[in-house]
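Okay, so here's just one chain, in structure tokens, the form predicted alone.
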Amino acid sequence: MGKYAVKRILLMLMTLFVITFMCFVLIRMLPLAELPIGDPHSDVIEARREAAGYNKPYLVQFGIFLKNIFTKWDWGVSDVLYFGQEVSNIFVSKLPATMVVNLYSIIFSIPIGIILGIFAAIKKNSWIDHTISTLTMVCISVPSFVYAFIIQYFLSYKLGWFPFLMKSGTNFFTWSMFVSMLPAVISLSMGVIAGFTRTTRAELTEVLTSEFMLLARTKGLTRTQATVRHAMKNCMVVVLPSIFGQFISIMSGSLIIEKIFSVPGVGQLYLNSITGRDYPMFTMLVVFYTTVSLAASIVVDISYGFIDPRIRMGSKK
């Protein structure tokens, strides 16, 4: 397991390096944001771009970029959105909002999704199972921003239960802030709930029809006892790694949802950096999202070996 983990981490770093290089070059090939004529800050921006190597070959620019990161943890300075501010400082200030909203959605989604999946598996081929399975497919197929508009219309506009937008500020754990987050949390949770429901139902249905479950029933266990003691344990071998992956990926957030509900997080910052052509900001966020995605996949794979000792990652036999 240790060798497998080291191998996966090295492959992750290699993949991250390649993706970062490709995105860096493609971003630097784009035209720079125009500077206002007569702006006293234009000379400062031009000097900063020259120091970053914008007038040099792409390989030299990438080398300067890596050198600044590894020696000074300098990701650059925002030229457009937050003039003169360090990109890394802006990112750190926006990250808590994204993490809190997505953390609430995960905490809300996991128990509901697993319970619905268990209920559908136990009531297999009944109208309850068909109803849950149909709703699951609908929820998975519909994008999260569609739920956002529906929630805004019915819960915010018609019923007036929630505000249209998330409150500003950093007091994320107050009741008023929590209420303002709920529309975004519910919108993010719909697809996650459906995913956990489908996974749990599929795995539990397969386990319930296996031979060892029949053996457990013949030994005198009731259906409920056999399900709780044996079926759920085997089902969690697949469900738990997906939970770990979701917790790792909560930092990535949801770009569109954060924009719709004005969540002052990383997702909205990412979209603004694209539209504003703030390339230092955009480059750091690309590296961040890539790292989160790769790390989540590694955690999911490695967790299989810890959850079920019969699984040996990287074994040749």
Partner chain sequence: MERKGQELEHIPKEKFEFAQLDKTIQDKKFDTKTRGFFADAMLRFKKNKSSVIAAYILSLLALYAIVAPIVAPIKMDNKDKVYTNTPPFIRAIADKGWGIFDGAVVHESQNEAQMNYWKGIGVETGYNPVIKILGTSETVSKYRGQDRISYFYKMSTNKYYDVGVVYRVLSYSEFERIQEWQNETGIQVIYPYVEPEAISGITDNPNLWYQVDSKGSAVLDENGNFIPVYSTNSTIEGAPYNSIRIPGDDGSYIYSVRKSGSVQARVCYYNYYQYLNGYEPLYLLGTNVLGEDLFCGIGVGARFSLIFAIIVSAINLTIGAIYGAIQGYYGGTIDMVMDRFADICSGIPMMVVTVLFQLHLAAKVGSVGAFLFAFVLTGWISMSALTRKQFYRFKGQEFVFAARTLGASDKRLMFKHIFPNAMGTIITSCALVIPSVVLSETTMTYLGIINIADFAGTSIGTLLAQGQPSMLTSPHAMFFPSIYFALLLICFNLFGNGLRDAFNPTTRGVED
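Numbering follows the first chain given and starts at 1. It should be emphasised that the depicted structure is a prediction, and the values quoted were computed from it without experimental measurement.
Separately, the form predicted together with its partner chain exists; it is not shown, and the next lines address it.
Checking 51, 59, 33, 30 for any heavy atom within 4.5 Å of its partner chain in the predicted bound form turns up a single hit: 30. Between the options 209, 89, 126, 218, the residue in contact with its partner chain in the predicted bound form by a heavy atom within 4.5 angstroms is 209. Note that among 69-77, 166-174, 105-113, 200-208, the stretch whose heavy atoms approach its partner chain to within 4.5 Å in the predicted bound form is 200-208.
If you check its partner chain in the predicted bound form, you find a heavy atom from every one of 11, 256 and 259 within 4.5 Å. Residue contact with its partner chain in the predicted bound form: residue 246 places no heavy atom within 4.5 Å of it. For the chain shown alone, residue 153 is a contact residue for its partner chain in the predicted bound form, at least one non-hydrogen atom being within 4.5 angstroms. Within this chain, residue 45 is remote from the site of its partner chain in the predicted bound form, having no heavy atom within 4.5 Å.
Contact between residue 160 and its partner chain in the predicted bound form is not found at the 4.5 Å heavy atom cutoff. Residues 137, 138, 141, 142, 143, 145, 146, 149 are the ones in 134-150 with at least one heavy atom within 4.5 Å of its partner chain in the predicted bound form, listed in sequence order.
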